[in-house]
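In structure tokens, one chain follows: the form predicted alone.
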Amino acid sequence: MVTIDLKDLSTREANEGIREAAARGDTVEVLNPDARHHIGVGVIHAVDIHVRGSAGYFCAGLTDTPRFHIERNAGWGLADNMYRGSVVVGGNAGAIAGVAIRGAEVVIRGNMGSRAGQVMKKGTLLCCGNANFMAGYMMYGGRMIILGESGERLGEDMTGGEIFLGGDLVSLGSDAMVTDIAEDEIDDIRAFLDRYEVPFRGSFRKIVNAGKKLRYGTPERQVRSIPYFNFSGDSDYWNHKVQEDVYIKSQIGRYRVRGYGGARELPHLADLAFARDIVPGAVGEDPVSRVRMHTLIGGKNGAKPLDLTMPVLIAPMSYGALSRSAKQAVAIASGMAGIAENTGEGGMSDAQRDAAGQLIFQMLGGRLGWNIHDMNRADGLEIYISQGAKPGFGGQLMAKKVTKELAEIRGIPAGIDLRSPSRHPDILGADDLVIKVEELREATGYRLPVSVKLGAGRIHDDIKIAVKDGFDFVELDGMQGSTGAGGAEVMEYVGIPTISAICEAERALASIGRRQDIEIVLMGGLRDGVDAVKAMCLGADAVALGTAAIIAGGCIACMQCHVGQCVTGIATQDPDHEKRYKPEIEAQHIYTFLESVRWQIAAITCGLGYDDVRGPCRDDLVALTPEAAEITGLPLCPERRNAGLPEIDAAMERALR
């Protein structure tokens, strides 16, 4: 037995010792835990770990196969996202015990706090005492057994799984119901209780999802590619889009869900121009070789940074919104270009991981596809708070795209209209967020940069929280960003424009003197290298391209993303559609586009008189519209529209011949 004494060690030192002992197969004894957070996170070996006292937040979190024995109490987030293995708590557990478990057995001999089993997917959570409110909140699968009182709103918004209640039922949650229980289910519960020596001989009630909210009442319609309303001609007021919206809502009786992003005119990077002419002679024939473009992102707090050949990343797009083949093509292209890809919110596929040179693994509130093994094979981790197309909202994936394979990866029931949580179960404020960041670092040995994705809303406050909570970098997403599916009104009217987001972030960080402590990757409708340079002039350290990348890879913007009928095979899970997509061929197209972006960045940098992509600054920009001038604080010079860019385009055409 290996003894780890927390009286003499930091949590980081203790966890390193626990993981090393576990890898050797040694039983571990943890002394003087003193309710310390993150005890035993990241263990992936089948060993016994005895905690002699009480544990704090996230004990046994992000683990696979260990057996934890906690003598007294445990804080909230017990066994967070645990795959196989077990946790037995001698006393009580705090809120969200068993959150997002994927196969573990969690036994609490006392009471448990609120929202226990939230977004759990597989395994068993047993509470021998009473539960607090909303036990089983948004659970996707697995089994919960409560021997005492249920607490209020039991099974609130559960979409799968089963809850067995031995005590009094206080109240049921939305879309939960009591149903019949079979004898073999009772026998299985009795066997489980006997295995953990729990002497309960009472009767049980079974609570399951009632099935009333798993799908929208009216399926989402395909968008007609040819406008069929025409009385208003070219009117901007009663245009085709407005008329179609009215008609579709009259048929479905709710808000519309669609893909892509907002379509109305908003201030954007196109409303900025370079303050002086870009001299073609200064660009030369090979500007790429003359400009320092190598960029490191995410190393400010000691992690291994992303090592980019240019200040460009691929924006997060999920396997689910996109097909496996499309994700593979983007990953291949990112590896060829020497930049980083992002899994988006739907988990990591082997095809994507094998193809991408550098890959960021994203964690959503529903913990879809999230697991310690994929964390360990990622190059960066990202906590999704929201995205520009729908800031403050969770993801949506229509039933047609939630196939059996995708449901298994994400840990959810197949064939439902998936509406992911709008917030994380274990992040209710800035204090919780900093503890969560440390959990991810502890579980992966502080090797990986941890970033946060922020949809542009209350950026002045959000960016301050991000830097104070110790993130390595921020992916800041303006409202001109796109999505695979979201409410149409949200995309059009919620959030702030991309140029507003970066300017607000810069002002907020300057106000607390912390700009140097975090890096900003800007995204949200950026189209090319021209937009990239303008973004960096405004303060971004790098940019991320999403929609532009999939257009380069064959997207024709047919607007069938949300229903999965994408004829190109990109935004679909239909094998008949996906087989049309040739990932190796489209990867070459995406790579060629990325190389044109590289050339543009280098050429404009040279043309402005710099030899480093970090050279251009605000002084190199002017605003073309009063709105852009007001947002950015740049001088208004509408006469500069397109100044110098035709020469750049001509030089690029000559270079690519």
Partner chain sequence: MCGIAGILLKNGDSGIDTGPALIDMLDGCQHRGPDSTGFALYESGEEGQLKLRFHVGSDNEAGGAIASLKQVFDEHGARIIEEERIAGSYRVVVRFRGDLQKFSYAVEHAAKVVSIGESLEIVKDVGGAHDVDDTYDVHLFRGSHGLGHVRLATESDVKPEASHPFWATGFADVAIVHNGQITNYWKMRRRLERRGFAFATDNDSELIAVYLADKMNQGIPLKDSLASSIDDMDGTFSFLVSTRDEIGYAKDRLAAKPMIMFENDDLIAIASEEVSLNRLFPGRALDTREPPPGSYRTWSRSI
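Numbering follows the first chain given and starts at 1. Values in this document were obtained by computation on a predicted structure and should not be read as measured data.
There is another form of the same protein, the form predicted in complex with the partner chain; it is not shown, and what comes next is about it.
Partner proximity in the predicted complex, defined as non-hydrogen atoms within 4.5 angstroms of the partner chain, places exactly one of 616-624, 22-30, 46-54, 600-608 at the interface: 46-54. Using a 4.5 Å cut-off to the partner chain in the predicted complex, each of Asn92, Gly113 and Lys464 places a heavy atom inside that distance. For the chain shown alone, His373 is not a contact residue for the partner chain in the predicted complex, no non-hydrogen atom being within 4.5 angstroms. Residue contact with the partner chain in the predicted complex: Asn130 places no heavy atom within 4.5 Å of it. The partner chain is not shown here, but in the predicted complex it comes within 4.5 Å of a heavy atom of Glu71. Though the partner is left out of this view, Lys468 does reach within 4.5 Å of the partner chain in the predicted complex, counting heavy atoms only.
Taking a 4.5 Å heavy atom cutoff to the partner chain in the predicted complex, the contact residue among Asp432, Glu504, Asp541, Glu220 is Asp432. Taking Val567, Ala263, Met177, Leu428 one by one, only a single residue has any non-hydrogen atom within 4.5 Å of the partner chain in the predicted complex, and it is Leu428.
Contact annotation for 20-44: residues with any non-hydrogen atom within 4.5 angstroms of the partner chain in the predicted complex are Asn32, Asp34, Ala35, Arg36, His37, listed in sequence order.
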